[in-house]
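To begin, one chain is listed below as structure tokens, in the form predicted alone.
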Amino acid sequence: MSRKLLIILFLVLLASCRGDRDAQYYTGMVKFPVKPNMGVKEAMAARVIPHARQLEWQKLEMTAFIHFTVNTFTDMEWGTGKESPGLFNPVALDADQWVRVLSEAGMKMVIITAKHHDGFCLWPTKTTAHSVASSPWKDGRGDVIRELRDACERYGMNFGVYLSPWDRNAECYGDSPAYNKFYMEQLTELLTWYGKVDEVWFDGANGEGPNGRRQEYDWQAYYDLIRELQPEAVTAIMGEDVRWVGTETGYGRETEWSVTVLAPGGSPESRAINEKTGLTAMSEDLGSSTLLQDAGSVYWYPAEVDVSIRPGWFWHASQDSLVKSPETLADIYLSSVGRNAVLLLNVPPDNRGLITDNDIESLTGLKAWIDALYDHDLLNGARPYGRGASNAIDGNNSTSWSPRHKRIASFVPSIPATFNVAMLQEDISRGQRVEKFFIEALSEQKWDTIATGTTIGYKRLLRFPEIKADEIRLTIASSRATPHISTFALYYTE
């Protein structure tokens, strides 16, 4: 009879854990007292929690970007705004194909470039003639946004829009009051014509208008309009709910705090705070205890990792052979979703209006890898016993702990423990708290550390060389308050 494998989980809180003062949570942000006692800021930061819309967004894990406009037909990345609408004619456009492919790849939302910097609108807007209404596509009666929104409805996919603030076609750009009115009229159309919108995405691109005029965006007015018209939508990048991870490589930080000193959005108040702290979305450290010491506030501001499946954001025939491989996409998945972020993967349709076979092949490979990864959890169905066991498992038969002191929970899994991936999750509805952890494995009577990490957040995936262990031990070495570990799982992947 083979030896049963004993998994022993040490959830150890060192002296740096400041206790669990859960009497009060702070939704979205908290301001610190002027002269707090030692440890107060960490304890308060531990109790900052996401808005409901942010929590639901985080659960999506993988979302898709669709970059599609006149650039698709001019072989450019940034249009000039002077392109003729007559260039836009995707004779085989099939939004159902887009959504079906992306859904089958595991994506939970599609965000489309309703308007990129060139100012060409993919819907028949009333604000400008520079749109699909002036194109030969469907004799000017087409609406890409409508077709995509309807396809999302059919496939149960969330739907988001990118509306570039920078508009190289609009004559009023640079006349700040006039353009802000123009932009908000476009936002209003997108947020009222197409039903529920789940994410509004805008970057901070800000070029010069005619005669070198500089446009001042009225970010607060944009936010207020979105909250009025689509209260459940998250606002991303220059928005207040979701931040850019700081790179377009697909790789998030090893230490990724959702509770940040970086103030969200582009309002004057946020800009002033970030100028004072010297922080940007690209800063390496956004939420450590060291940063908290000089901070006046912290915010729930989680990261989105945007990356294209190709070298460019728009389709280019010359890049058909340069689509990222399933292996590269798998590594990106581990380094984005697996580092407390949501992956936003761009998959651009070609000039026919279809996702190419090259992209589909890589997406299919990625989904197969993800399915294989999560196929067998070595701790699934494990029965806890010993000290602290009563709070070590929930009704859904998944591992979960909230230790208030040094505790040990032991599990006996039902399958052999040969593994090379560990997954940890915090219950972020109660905040992000873990600052440091490590995993050890006992093999041939010797304990070895096989993985170490700092933050966990919504999800942390760690890959390491394959190991066959008699026991495994997880230690939470430092936490801002009592950690709420919702999942600890072990997997094997090729």
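This is a predicted model, so every value here is computed, not measured. Just count from 1 along the sequence shown to find any residue number.
Separately, the form predicted together with a small molecule exists; it is not shown, and the next lines address it.
Proximity to the small molecule in the model of the complex holds for all of His116, Glu248 and Trp313, with the criterion being a heavy atom within 4.5 Å.
Contact annotation: the small molecule lies within 4.5 Å of heavy atoms from the stretch 64 to 72 in the model of the complex, the single such stretch among 28 to 36, 441 to 449, 455 to 463, 64 to 72.
Between the small molecule and the residues Phe159, Tyr222, Phe88, Tyr162, the one pair within 4.5 Å by heavy atoms in the model of the complex involves Tyr162. The partner is absent here, but in the model of the complex a heavy atom of Trp78, alone among Trp78, Tyr194, Trp369, Phe182, sits within 4.5 Å of the small molecule.
Residue contact check for Trp98: none of its heavy atoms lie within 4.5 Å of the small molecule in the model of the complex. Contact check for Ala205: a non-hydrogen atom falls within 4.5 Å of the small molecule in the model of the complex. In the model of the complex, Trp201 approaches the small molecule with a heavy atom inside 4.5 Å. The small molecule in the model of the complex comes within 4.5 Å of a heavy atom belonging to Asp306.
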